[in-house]
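This document opens with one chain alone, in structure tokens, the form predicted on its own.
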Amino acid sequence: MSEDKKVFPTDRTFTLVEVVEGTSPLIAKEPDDTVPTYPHLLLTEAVAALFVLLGLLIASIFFNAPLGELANPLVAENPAKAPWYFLGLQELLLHMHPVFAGVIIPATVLLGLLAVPYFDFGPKGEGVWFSSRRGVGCALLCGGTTLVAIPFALYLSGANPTNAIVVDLKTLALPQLISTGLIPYAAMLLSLTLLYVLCRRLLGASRREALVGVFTALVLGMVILTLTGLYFRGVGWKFFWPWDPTRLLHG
């Protein structure tokens, strides 16, 4: 009896466990399957950076980028356009309240990107363009919807201000922060949510695939806004066709 107590002490508990087949993020991550960051990664990045620099030098030889005239404080430039990477926000300022267009919407996009790892943390689809074929479908669905919806909204909002089917929210006696800020912001969030739900329900996409679609819509939307501000806005930031010779005349 005393020998049994030595082998199986009564003051301890035991659990029956077994090995089962499954997946783990640590699979195929052994030291034998990895290489040091230096020199394998850093040398590749350095060579890529040199090729990019060489491309910029070649482009600077064939394409002229002259500086404009000295600024005259007595004559304001018309149209006064921001650098191309801010033209999307400048175009958005035309249609929305500055607090939302310049602060809340960019902050929402950044916070959304920071939150992606908390919703998509699986290893499946890593390193694959659009994650999978369904991811490509989500990107096409969301991108196609964006290509139609945003130009149409811009047309109704600015290109054709006399359009009778558009209800001017200002006539509803609402504060500007609500009429040109909160309502469009809520409409944007609702649209992105609907796209996410469509990808999940209609295409049977995973979280990652649906997020790829939403991200495609956001990127394509900013591209459309940037191109609109670059080629379709002229004097007084009014809508002009790119081939209109009066588009860039000073007022």
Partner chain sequence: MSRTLPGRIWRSIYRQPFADEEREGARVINDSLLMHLHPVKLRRHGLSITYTFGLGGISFLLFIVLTVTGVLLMFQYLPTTEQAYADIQRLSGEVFLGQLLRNMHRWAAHAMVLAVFLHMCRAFFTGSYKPPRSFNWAVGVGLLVLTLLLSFTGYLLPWDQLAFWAITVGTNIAGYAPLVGRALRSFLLDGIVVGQGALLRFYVLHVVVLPLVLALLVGLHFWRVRKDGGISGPPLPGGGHE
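Positions refer to the first chain, counted from 1. Remember, predicted model here, so these are calculated numbers, not experimental data.
Here the subject shifts to the form predicted in complex with its partner chain, a form of this protein not shown in this document.
- When contacts are judged by a 4.5 Å heavy atom cut-off, residue 219 counts as touching its partner chain in the model of the complex.
- Its partner chain in the model of the complex comes within 4.5 Å of no heavy atom belonging to residue 197.
- Its partner chain is not drawn, but in the model of the complex it has no heavy atom within 4.5 Å of residue 190.
- Although the partner is absent here, residue 81 is a contact residue: one of its heavy atoms lies within 4.5 angstroms of its partner chain in the model of the complex.
- Residues are counted as partner-facing when one of their heavy atoms sits within 4.5 Å of its partner chain in the model of the complex; in 184-202 not one qualifies.
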